[in-house]
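Before any questions on binding or motion, here is one chain by itself as structure tokens, the form predicted alone.
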Amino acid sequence: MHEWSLAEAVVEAVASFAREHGSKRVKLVRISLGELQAVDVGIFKEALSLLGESVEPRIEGFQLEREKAVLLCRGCYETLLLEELSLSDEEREAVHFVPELLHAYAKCPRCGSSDLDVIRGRGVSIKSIEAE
């Protein structure tokens, strides 16, 4: 259900931006979804589409892109991708819901430290808005 809340926040932010800038038409909104953001993409797209038709100015289209999760090891200061970590399916799912669990499940493959920071790949962000 949080997909609808996220979609509503995106649509309201875009519509508000468009109104503030005198736009009559929003052609396309590009959105980034972090790999660690546990979102059902199908539900999110449907919510965006339905909610985008109900605001002024109407939002005609959305384009979603996934942002890979990038981590910084505080032990050796290397950056690594989430996919480089040895996590079981259960651990990976837990990390998707609570990214802070990385410290419990993951270690840097280079130095063995579990002191990892997520530096990209969380949350939902609006990358661009095409409007007239």
Partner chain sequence: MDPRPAAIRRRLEGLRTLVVASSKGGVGKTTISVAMAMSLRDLGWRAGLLDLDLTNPSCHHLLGSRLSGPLEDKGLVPPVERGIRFLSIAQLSGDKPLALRGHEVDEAVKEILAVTRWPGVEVLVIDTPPGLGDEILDVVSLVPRGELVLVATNSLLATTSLRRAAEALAGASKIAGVVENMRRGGSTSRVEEEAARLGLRYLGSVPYVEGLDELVERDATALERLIAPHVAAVLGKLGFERRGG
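Take the two forms, superpose them, and find the largest set of C-alpha atoms that agree within 1.5 Å; that set is the rigid core. Positions refer to the first chain, counted from 1. In this text the structure is predicted, and so the values were computed from the model without any measurement.
Missing here is the form predicted in complex with its partner chain; even so, the following discussion is about that form.
Counting only non-hydrogen atoms and a 4.5 angstroms cut-off, does residue 108 reach its partner chain in the model of the complex?
Result no; residue 108 lies far from its partner chain in the model of the complex.
Can you tell me whether residue 129 touches its partner chain? I mean in the model of the complex, with a 4.5 angstroms heavy atom cut-off.
Heavy-atom contact with its partner chain at 4.5 Å: present for residue 129.
Flag residue 122 as yes or no: does it have a non-hydrogen atom within 4.5 angstroms of any non-hydrogen atom of its partner chain in the model of the complex?
Answer yes; at least one heavy atom of residue 122 falls within 4.5 Å of its partner chain in the model of the complex.
Just checking whether residue 74 would be counted as a contact of its partner chain in the model of the complex - the rule being heavy atoms within 4.5 angstroms.
Yes.
What is the one choice in 33, 85, 94, 47 with a heavy atom within 4.5 Å of its partner chain in the model of the complex?
Of the candidates 33, 85, 94, 47, 94 is the one lying within 4.5 Å of its partner chain in the model of the complex.
What residues in 97-127 sit within 4.5 Å of its partner chain in the model of the complex, counting heavy atoms only?
Stretch hits, in order: 97, 98, 99, 100, 101, 103, 104, 105, 115, 116, 117, 122, 124, 125, 126.
Core-aligned C-alpha movement of residue 59 between this form and the one not shown reaching 2 Å
Shift of 2 Å or more: no.
If you line up the core, does residue 31 shift 2 angstroms or more at its C-alpha between this form and the one not shown?
It does not reach a 2 Å shift.
Is residue 104 one of the residues whose C-alpha moves 2 Å or more between this form and the one not shown after the core fit?
Indeed, residue 104 is displaced by 2 Å or more.
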